[in-house]
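Quick setup: one chain, the form predicted alone, written in structure tokens, and binding and motion questions come after.
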């Protein structure tokens, strides 16, 4: 099947980098005006200017999309989510408005343990149905690939249940999906005073089954004061690495936790959150191959300072943007809003934000050769906008959808017409 997109006002992201963009590279977003793009069997087979197309071709494929006045860009790559969960937690938002702290909410049965309790009472089929709807939701808003973590199970049975749901999503969804084991999200109530016992359960009871059944691509740990120390994080990650799972770390969200340093030491694919950074953490990340994934949704929802994106970029760090979609601290998978907040609150240029949410997100999932930019042979996971005046209009017009059509492997999944 061939599809031609013609008369594109601007084709954005016409690049094929071999590594994540960093420093001044992040602001470079090649584009073509008055362009065409040809899709064959779900991948980009050719692109260029309309002048080139009209000079070289005397036919049009059976399926033609007229993109007059519209931008075409790579679909978002959301490299950090927790979208398999049971139930919402809006009552905790109200508690925060009333002045309760995170610790007070947790002491009353809220927080991660609240989600774990609800998930325990939810069947695998019910979890799949709700997660499937969220996958459809984020795809309709332009997400063309996603990472999904476990971490709301906190028992052998329930962590495996989440990972099985993610595996089913991989098998049935046209979106590329990566799976991450986050059993080390917090300590379950039964191990409140026996942290060593829970760590042993992760290493001895969970990881061998996860590896044997092929349930995860990565291992993650919440490295934070009151959760898992850098030493515990390294121990758990190395156990995962023994079973073939590559590490990615929840790092430096609430405190200078040492998560960045341990992530770089382990060669982690990414260290994520980074709300709390100092010169040492920034320098360590800048001189590594590890990607710093910024999650402005969580900072916004928790009323925390946003990540120091400008300092990270100017220091030469490779940064990605992701949604952190979860019921407790980021109940939205809208990557368009993420891009807007990155520009408005974190002072990223529109070009930097788009690159961070596409090509660098793809590298954060080890899909840089397949996704995240406009290049021959890459998957045709694309956003076609409504008629818009400029690239900057995307972050500028927060709260309004600029998307007309989303293509996943060349097939439209939604249209605003």
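Residue numbers count along the first chain shown, from 1. Keep in mind it's a predicted model, so treat the numbers as computed, not measured.
Quick note: we don't show the form predicted in complex with a small molecule, though the next part is all about it.
In the model of the complex, at least one heavy atom of residue 222 sits within 4.5 Å of a heavy atom of the small molecule. The small molecule is not drawn, but in the model of the complex it has no heavy atom within 4.5 Å of residue 161. Taking non-hydrogen atoms only, residue 329 approaches the small molecule to within 4.5 angstroms in the model of the complex.
Contact between residue 178 and the small molecule in the model of the complex is not found at the 4.5 Å heavy atom cutoff.
Within 4.5 Å of the small molecule in the model of the complex, a heavy atom is found for all three of 112, 152 and 253. Contact with the small molecule in the model of the complex, defined as a heavy atom within 4.5 Å, holds for exactly one of 102, 300, 191, 242, namely 102. Comment: 318-326 is the region of 123-131, 257-265, 318-326, 283-291 lying near the small molecule in the model of the complex, near meaning a non-hydrogen atom within 4.5 Å.
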